[in-house]
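Next up is one chain by itself, shown in structure tokens, the form predicted on its own.
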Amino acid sequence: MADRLKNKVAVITGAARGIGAKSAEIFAQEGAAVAVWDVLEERGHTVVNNIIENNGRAFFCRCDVTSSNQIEGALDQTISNLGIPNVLFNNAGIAVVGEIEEISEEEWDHQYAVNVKSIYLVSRVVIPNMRQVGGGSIINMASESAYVGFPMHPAYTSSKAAVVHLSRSMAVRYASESIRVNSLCPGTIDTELLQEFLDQQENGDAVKKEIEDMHPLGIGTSEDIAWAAVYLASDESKYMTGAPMLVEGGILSL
């Protein structure tokens, strides 16, 4: 076990699968005690059990990040079992597919509730506790989509652009209290979220090839993003705040 995150207590939302699960695993490998927050109980417990079997510290909290009551309960459980968090990775997210004329109002609102409002809801209860331990690092999951206008994802792309600017605003406000806030902007990553999108396409294989060709380094892995999150969570990035960290396989260089 390495120690890049030694003495860190990290909350990771949406940590039962994909980037969140891999981040929980690697955070624990690097010495952090990890609170896995998710609505997927069975898979969340599996992530935690795997970490414990590898001599790490982890705890699962069932939490819908659009519910203030559940967030407060999850934080109380986290503090009781692991301690006060000094790392928060707001990773939970969904991707609503459809053009402006196709998406329902309910779908649009749900997209923003999970991808944007949840960051506000979770951060507002974690920050007062983070302040008590002298500061920390908040990582908000954005996307390459904050900078690329994918036509079938107007709700998703606009929500991720909102995350980038929300992070900047938070960074300016809390810098004086040693709370750093950065956004993490992955390229297209080979996760279940991607597969769910491809399954909705008439020719998923062709669409995947098109996406891959858009990225000079191809489609990335959850591990690629987890290691970037480790850097933002660690003291190695102590002079970095308000920044969108681009880990997008080169798509923005084209």
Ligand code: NAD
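Position 1 is the first residue in the sequence shown; the rest follow in order. None of these values were measured; they are calculated from a predicted model.
The form predicted in complex with this ligand exists for this protein as well; it is not shown, and the discussion that follows is about that form.
Of the listed positions (L193, I52, L217, V207), a single one reaches within 4.5 angstroms of this ligand by any non-hydrogen atom in the predicted complex, namely L193. Between the options A92, I138, M130, A74, the residue in contact with this ligand in the predicted complex by a heavy atom within 4.5 angstroms is A92. Partner proximity in the predicted complex, defined as non-hydrogen atoms within 4.5 angstroms of this ligand, places exactly one of 101-109, 153-161, 172-180, 74-82 at the interface: 153-161. Contact check for A142: a heavy atom falls within 4.5 Å of this ligand in the predicted complex. In the predicted complex, this ligand lies within 4.5 Å of some heavy atom of T188. At the 4.5 Å threshold, heavy atoms of S68 stay clear of this ligand in the predicted complex, well away from it.
This ligand in the predicted complex comes within 4.5 Å of no heavy atom belonging to E212. Highlighted residues G31, V48 and G56: none comes within 4.5 Å of this ligand in the predicted complex, counting any heavy atom. Of all the residues from 38-73, those having a non-hydrogen atom no more than 4.5 Å from this ligand in the predicted complex are D38, V39, L40, C63, D64, V65, T66.
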